[in-house]
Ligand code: RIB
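A single chain comes next, written as structure tokens; it is the form predicted on its own.
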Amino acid sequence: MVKNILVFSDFGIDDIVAAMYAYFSEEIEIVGIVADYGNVSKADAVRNATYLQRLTGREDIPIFGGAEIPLTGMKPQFYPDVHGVEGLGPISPDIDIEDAFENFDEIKKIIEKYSGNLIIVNIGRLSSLATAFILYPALMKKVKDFYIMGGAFMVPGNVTPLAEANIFGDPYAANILINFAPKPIHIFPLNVTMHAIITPAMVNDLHNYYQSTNNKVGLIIKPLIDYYYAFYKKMNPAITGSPIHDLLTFWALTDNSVVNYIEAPVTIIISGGDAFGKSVGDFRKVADKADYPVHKIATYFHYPAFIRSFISTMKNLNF
């Protein structure tokens, strides 16, 4: 059965790759996109979503403008060294967006239309989704499932020693989700996403395929991931490829995915100091655990199945 997805994304490199996989998966149907700040500004995220929409010919999928700033009230921090100045590595989309995209309220139509058969996937900061929980608590109960990429449990963070970027960018928003989600959230933390490695050999194989088939959409994959890999290689010379964090979150939705979860109480540190934005799970082998809301934390995925699915889906792009 095809899964209907409302995507919340800040549209950097791994977001775009994940969205391309989702667009052309036979098991996933993106029915709406919320573009918000995170890797880049909200305006750049909207432009990148529009660029992908036009490139793929999927202009039937509506784009909604999400949050411009976090609920913390702090100035958002962008990451041009990771994703490029405009979020697409070396690619600079020649697109002018005149609309302010202050249309977030229209996501209600999507949730109502697919009531009980809609999954929300959040692969960026959580400010927009938290706002939906604040504004539409009854409506959010009509969402079938929630999948988010974020957090770091018992491993180092990637923006501080303790915190992962999506949670650190707005821990207040993450705290709202953790405490008020109507059902357990599927959380994909750095513990697993850092192992979702796409190697240069895989990228080159795809690129050769796209060249031989003159696939203009597929040809953006190599410059995007090569740029991303250069950052990771500089940070960790031993790394063998690019961890495409957000791609793993989408793959987990497919029927052939093999993902293990542990259900555990979760909380987010929102007080200041070195632990700000840290995600905490109570993994103790005891009956009387911490009184936090229980969520589903991904702990393992079958890497060969993940790679097979990625390669086969990306080679079936049909233009």
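Numbers for residues come from their place in the sequence shown, where the first is 1. Small disclaimer: the values here were computed from a predicted structure and weren't measured.
The same protein also has a form predicted together with the ligand, omitted here; what follows describes it.
Contact annotation: of the candidates 198, 129, 123, 248, the single residue with a non-hydrogen atom within 4.5 angstroms of the ligand in the model of the complex is 123. Proximity to the ligand in the model of the complex, taken as a non-hydrogen atom within 4.5 angstroms, holds for one residue of 191, 158, 215, 175, which is 158. When contacts are judged by a 4.5 Å heavy atom cut-off, residue 39 counts as touching the ligand in the model of the complex. The shortest heavy atom separation between residue 170 and the ligand in the model of the complex exceeds 4.5 Å. Under a 4.5 angstroms non-hydrogen atom cutoff, the ligand in the model of the complex has residue 165 among its neighbouring residues. The shortest heavy atom separation between residue 149 and the ligand in the model of the complex is within 4.5 Å. Residue heavy atoms within 4.5 Å of the ligand in the model of the complex occur in exactly one stretch of 107-115, 240-248, 204-212, 134-142, and that stretch is 240-248. Along 80-110, one residue reaches a heavy atom to within 4.5 Å of the ligand in the model of the complex: 83.
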